[in-house]
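Before any questions on binding or motion, here is one chain by itself as structure tokens, the form predicted alone.
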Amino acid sequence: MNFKIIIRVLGFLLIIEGIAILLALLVSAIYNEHDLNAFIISAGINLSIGGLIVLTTKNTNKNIGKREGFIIVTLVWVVFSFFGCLPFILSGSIPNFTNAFFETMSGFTTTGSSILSDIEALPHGILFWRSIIQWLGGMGIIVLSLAILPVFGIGGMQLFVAEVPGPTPDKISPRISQTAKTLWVIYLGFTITETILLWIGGMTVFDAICHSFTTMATGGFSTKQASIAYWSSPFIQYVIIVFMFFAGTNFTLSYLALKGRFKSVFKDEEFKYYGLFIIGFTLIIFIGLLVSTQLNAEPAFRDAFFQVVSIITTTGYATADYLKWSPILTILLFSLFFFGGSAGSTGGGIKIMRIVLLLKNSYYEMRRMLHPNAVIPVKFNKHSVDSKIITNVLAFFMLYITIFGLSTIIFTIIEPDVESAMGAVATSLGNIGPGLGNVGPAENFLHIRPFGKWFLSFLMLLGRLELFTVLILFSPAFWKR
């Protein structure tokens, strides 16, 4: 195990975090608010420690193997959250370390669960910092590093695979660094476009930037306590729906669309199912709202559309308290907690590709029982899917459901209300944000005991890195030569 390169990479990443803090410091300086010193000290700590690590590990073998990749990717979220919570603590915005770490881990993993009860009271620099940590976490800190740091060299692919562990990770370019750069250019382009549209729609420039950051990250942190419900503008809400949809789509398809290859996009099977799931659930919930509430057609459709896209992409924004809807509609939305966006998107959850492969494999398994001698492969995008991928998907799904079940049982000790326990675990594991019961869209996570917050923080990390990347570190075989 090359521990020196692990430490060196973390040093470089701390420098990146320090630079990001300087951006928040600039916002604080513009608004001349009391959190300025907190950002100066936090940036100084990150840049000093990061710089010292880099300088003292100059003559290190730069080759990163698979094991080093898994350790770096897992540790970086923990280290970033540890150092990233400093502005919250030093500014007094979140003086409690457990609460500050929870908020920061929720940000970097793009979960969006919060302990804050009065978001509007926070200074602009802190609000900007909450948004930027989600934006960085959305595309992935490691992918960012691959885009700008040559230090990763030959071993860069190991980090990319660990960071983007979907069933079939796509590479736009043969060079991993070029792939990362292309992804970030697309990501930045979408963010700028959404910012302009939200500003035109009536948001302030500050609010537009912050919400564009957290939309494209499918993170859901807002600058308002009421989330997107603060703005009654249909234009703003539809703009956010569109960009949540883009953020939940495989970024490879976005690249193809920008190249004008729309046929390839619409032929993609995962994209088709992604669209069908959104349309289907939206129509059912829309009809349910018309029947069970006094809402007119357009507001009912908008609320249904917004909440379905928000949850299936794991963004977690809210325009309505869905817990006040009829129970059947709440159950339908809760089922979406287990879907997630497309593979290769910034969304969390199980992912649409895995859901489709599971459904197809189950259907073909019934056909195999009727025709035991027939060879009936599972096909995706007209190609036979390797049996190893099917096994991986089945293992992931079983592990995901098992972790959800066991974690819910454990969490009922902390939160005796079963509905709230299920909601907290599902939203943390799926990186969604709001849950059910006492952690619903109109509530927050402040009341949860410290152990519960640490437990949910671990589930956020587990879900963000799609289980295997983290769990493999607990395997004795991983540490053997």
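Just so you know, these numbers come straight off a predicted model, no measurement behind them. Numbering starts at 1 and follows the sequence shown.
One more form of this protein, predicted together with another copy of the chain, exists but is not displayed; see below.
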| property | result |
| --- | --- |
| Among 442 to 450, 26 to 34, 59 to 67, 39 to 47, the region lying within 4.5 Å of another copy of the chain in the model of the complex by heavy atom distance | 59 to 67 |
| Joint contact, His371, Leu399 and Thr408 to another copy of the chain in the model of the complex, by non-hydrogen atom at 4.5 Å | yes |
| Contact assignment for another copy of the chain in the model of the complex, among Ala229, Ile186, Val79, Leu332, heavy atom within 4.5 Å | Leu332 |
| Single option in Ile115, Leu295, Ile355, Leu256 placed near another copy of the chain in the model of the complex, where near means a heavy atom within 4.5 Å | Ile355 |
| Non-hydrogen atom contact Arg367 with another copy of the chain in the model of the complex at 4.5 angstroms | yes |
| Close approach of Gly260 to another copy of the chain in the model of the complex, 4.5 Å, heavy atom | no |
| Contact of Leu429 with another copy of the chain in the model of the complex (heavy atom, 4.5 Å) | no |
| Any non-hydrogen atom of Val425 within 4.5 angstroms of another copy of the chain in the model of the complex | no |
| Within 4.5 Å of another copy of the chain in the model of the complex: residues from 463 to 477 (heavy atom criterion) | Phe468, Leu471, Ile472, Ser475, Pro476, Ala477 |
